[in-house]
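Below you will find one chain, with nothing else, as structure tokens; this is the form predicted on its own, and questions on how it binds or moves follow later.
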Amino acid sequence: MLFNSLSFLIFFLVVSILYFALPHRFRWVLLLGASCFFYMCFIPIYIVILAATIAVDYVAGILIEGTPEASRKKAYLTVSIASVCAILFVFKYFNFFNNNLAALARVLHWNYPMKTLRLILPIGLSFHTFQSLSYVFEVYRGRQPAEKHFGLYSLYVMYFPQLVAGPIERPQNLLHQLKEVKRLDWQRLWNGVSLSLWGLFKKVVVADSLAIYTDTIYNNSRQHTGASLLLATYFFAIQIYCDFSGYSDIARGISRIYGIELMKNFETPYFAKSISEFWSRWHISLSTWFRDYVYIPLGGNRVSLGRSMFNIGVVFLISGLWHGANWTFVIWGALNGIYYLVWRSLEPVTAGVRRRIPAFGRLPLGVTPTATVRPWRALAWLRDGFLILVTFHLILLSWVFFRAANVSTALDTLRRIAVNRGPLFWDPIIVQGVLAIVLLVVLDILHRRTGFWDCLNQFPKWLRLGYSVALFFGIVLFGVDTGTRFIYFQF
């Protein structure tokens, strides 16, 4: 059941009506039952895997909190991590490592009898595994009391708006909201609907339009020229942003209707002026998860420069592998790690430039702007624009590995882009795609300058109404009706 389907709309309307009709004490039962139904619509039997993860970390949290001995706390934490990660490994990574070991054995002429497992990856397994682990980590650190109510803890892991593709919530943010009494608030409902419409617009109008061209080119990359591959790569960069951030916006909008605020997962990342800024704006829930539970425990930046750089490299490699059991994702993670480390080493230079150029644009108190300072302000804009373009194109290069089916295809794609320009493969969808991108950029600039989605109540009602109506008709008139899955469902 996809967010961009009629079946989900019916499901959501039924759940929402019942949610506000039921007394508060029964609402968690409704949401938990709805979440189980939502998840079982994909592969019903896999609810057992999710239940096993929930049970392990629920028990681990209680044992950790009730144990005064540090060594036993750590032992319970270790068992919890090992158990849920073992489930993730079997379904997501076993065949990847097994196939690579088998290939190595063939090269070395060894006998390697282990066969590939015929398993389908449970949808969203990486997301709810990390959400469950974050609960255990927070209980272990003493920052979250263990949840004794098994149903509420299960709902924390299974909450259907963000079950499949996040954002990855922390217990401090979500658990207490599930316990609070919520009343129907028409202003909040309207804001939630508006945010959901924006997410749906990004998915079905922008992402799915671009996907038609991107899939056509990348699925037959050896038959297309470098010009077509380059355009498809640009399209994919916008496609994956609109696809994933669209899902996050729908999840946040639905939750806002219920009075539950989920964390923001994207903040105009393609306007970032550095690699570090990009990763503070892209998939924020995952970036902060790795920061808090991997990077900082490894020593963070409190260690020597060399060790700190090693820690960053480890985080990006794990992040790449988290996205998929394929060498393309490992290279994607490693490439972004290299970007981050190189950019960090250049920070003293870039910081000096940033300090000097704005200094020319500042005026003493009481002095009116004159034409003499305008060139320096223009220079600051040019500097920021240049940094945004460099950052975007570095990320664009890494998306080639993320999108390609394998490493050889990715390398061949880069080669064709560099040396085999040729004629552009034309498709009428290009026009709609370009117009959609232009509209997206304008609206993202609006949000970046005004914080539109963070302070909807501060804008006039006529503007919010007009905006929502325009989005609705845009979805109806220009939306791609293919029921395409969200890209991050595979993770």
Partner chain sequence: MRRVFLIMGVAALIVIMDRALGAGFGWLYRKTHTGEFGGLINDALSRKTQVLLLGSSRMRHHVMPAVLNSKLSLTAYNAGMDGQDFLYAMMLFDLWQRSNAPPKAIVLNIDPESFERSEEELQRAGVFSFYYDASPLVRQVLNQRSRFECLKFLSRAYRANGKVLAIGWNLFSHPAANFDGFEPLTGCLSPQTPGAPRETIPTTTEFWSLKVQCFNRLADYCRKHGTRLFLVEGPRYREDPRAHEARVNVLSKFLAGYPEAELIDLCTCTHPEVFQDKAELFRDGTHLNAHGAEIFSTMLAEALQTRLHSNGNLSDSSITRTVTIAH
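What you see is a predicted model; the values in this text were computed from it and never measured. Residue numbers count along the first chain shown, from 1.
The same protein also exists as the form predicted together with its partner chain; that form is not shown, yet it is the one meant from here on.
- Interface residue remark: residue 15 is not counted as part of the site for its partner chain in the predicted complex, having no heavy atom within 4.5 Å.
- Within 4.5 Å of any heavy atom of its partner chain in the predicted complex lies no heavy atom of residue 467.
- At a distance threshold of 4.5 angstroms between non-hydrogen atoms, residue 476 is in contact with its partner chain in the predicted complex.
- Not displayed here, its partner chain is approached by residue 435 to within 4.5 Å at the level of heavy atoms in the predicted complex.
- The stretch from 427-435, 61-69, 44-52, 23-31 that comes within 4.5 Å of its partner chain in the predicted complex, counting heavy atoms only, is 427-435.
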